[in-house]
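So here's one chain in two forms, each on its own in C-alpha cells, numbered structure 1 and structure 2.
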Structure 1
Amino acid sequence: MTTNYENIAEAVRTGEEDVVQKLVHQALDRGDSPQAILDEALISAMDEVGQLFEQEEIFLPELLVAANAMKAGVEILKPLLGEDAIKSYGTVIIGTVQGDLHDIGKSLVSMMLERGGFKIIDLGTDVSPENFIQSLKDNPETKVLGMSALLTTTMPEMKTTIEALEKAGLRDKVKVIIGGAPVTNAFAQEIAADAYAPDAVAAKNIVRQLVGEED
C-alpha cells in the first residue's frame, strides 16, 4: 500500500468521510487506477475494520462510521468502475432476510459483485420470501440469489425462503448463497443452500464459481 493509500485507509478506519473523498479525488487526479484505489485502500481498510469487529476490538458504532466513510469513497469510484466493466457474468439478486435490518455486509457484497462483473438487484433489508420470489419472477435471467443475516434469530428465514423457492418451482433455476456474521458453512449445508461466503471477497469468487465463471 502506498503512503497515500495508507492515508485513505486510515481515514476509512477513523470514519472521516470528507478526508476519504478528498484523498480519493487526489489519487484519481494523479492518474491512479480506480480499481487499485478501491482494492488497496477502501476494501483493504474495511477488511481490517471487519477483523477488528470480529475480534471485539471495536464495536458497531465504529464499524458503521468506517463503512460510511468507505461508501463515500466508493460513490466517487462507482461511475469509473462501471465504465471499466467489460463482461457481465449475469444477474444476482441479494437481500437481508425478513426481520433483519442490517445492511453493511450485504452492501459490501453487492459492491464487490458489481465490481466483479455482475448485475446486482439489491432488495435491501427485511426482505420476505415472497419478495425474493417476486423479484426472481420479474428477473428470470437471475443466476444467483444471495441472502444475508446478522442475527441468529433471523437465520431461520433463510431456510424458509429456500423452502418457498421449492414450492414456487424456482429452486432449480437459481443458485443460493448465504452469509452473515452468525452464518456458517454447516448451516448452509443444513438448509440446502448451494454455498456459504464468510466475507465479501470470498462471495465474489464463490458466485463466479456458481455460475461457471471462475477467475
Structure 2
Amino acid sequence: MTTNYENIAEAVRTGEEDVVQKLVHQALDRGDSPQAILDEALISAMDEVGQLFEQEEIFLPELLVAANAMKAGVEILKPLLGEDAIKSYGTVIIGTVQGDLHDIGKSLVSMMLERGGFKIIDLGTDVSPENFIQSLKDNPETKVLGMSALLTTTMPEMKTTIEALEKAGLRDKVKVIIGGAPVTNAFAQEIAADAYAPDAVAAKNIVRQLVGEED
C-alpha cells in the first residue's frame, strides 16, 4: 500500500496525470479508503512539492503541473467522498478588491489552497467590501478571508474592507490574509490584517497556521 502511495506521490510530482489516475483506481480497487488516498497520497504529495518550491528546488510552473496531476486524482475521489468531506481544513473566501481586475495571482492562491485541503469561495475580481461581507454572512463557517491587489492604487481597498468587517461586527470571526505584487508585510500590519503571503505556497502554509492546522 505504501509503495502505491509513494508511486502516486511521484506521479503527482512529475505531473503525470494519467499515471496518477491509474494508480488511484488501483488503490480503490484494492479497497483503500478514498480519504486515505486523498490525505496520505495526494495532499501529502502536494505538500512535498510545496516544500521543494520553498527550497527553490522547483518553480511555480512545476508546482502547477503537479497541481494539475493532483486534481486528476481528486476528481476520481470526489464522487466517493462527497464534496464536503474533501475539504478538511475549513472555508476560505477570496477575492480581488474593488477597482482591481487582476485575477491570475488570486486564482493561483485559490488553487493552491484548494489543493491544500480548503474549501474555496472565490468571489472573483472587483469585489466590494459589501460583497465580502455578504459572502461571510452567507457562509458563516468561513475561517479566513483573502484579499488580492496588484496596484498600489487599489491596496487601500483592503483597509476599507477590514474597517467594514469591523463595523459589521465580523472582524473577529475571520482571519484576514492579504497579498499581491505591491503588498508587503508592513502594509498588512499597518492595516491590521492578520497575515501577508508573498506567493501561493506561502499562502497555503500561512492559512493553515491561521486556522491552527499547520503540520
Partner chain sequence: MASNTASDKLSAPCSGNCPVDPAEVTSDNGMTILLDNISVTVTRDDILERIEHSPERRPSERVLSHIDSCLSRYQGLISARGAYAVRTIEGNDGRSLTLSGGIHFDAWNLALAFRGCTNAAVFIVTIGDAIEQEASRLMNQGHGIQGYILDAIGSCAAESAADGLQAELEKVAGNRNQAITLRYSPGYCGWDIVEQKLLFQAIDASRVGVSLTDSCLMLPRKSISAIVGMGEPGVVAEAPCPCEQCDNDSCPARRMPRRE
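Residue positions are counted from 1 along structure 1's sequence. As the structure is a prediction and not an experimental result, all values here were calculated from the model. For the two forms, the rigid core is made up of the largest set of C-alpha atoms that agree within 1.5 Å on superposition.
The form predicted in complex with its partner chain is structure 2, not structure 1. Asp138 shows a C-alpha shift below 2 Å between the two structures [criterion: core-superposed Cα displacement of 2 Å]. After superposing the rigid core, the Cα of Ile121 is displaced by less than 2 Å between the two structures. If you fit the rigid core between the two structures, you'll see the Cα of Met70 move by 2 angstroms or more. A C-alpha shift of 14.8 Å is found for Pro34 between the two structures, based on superposition of the rigid core.
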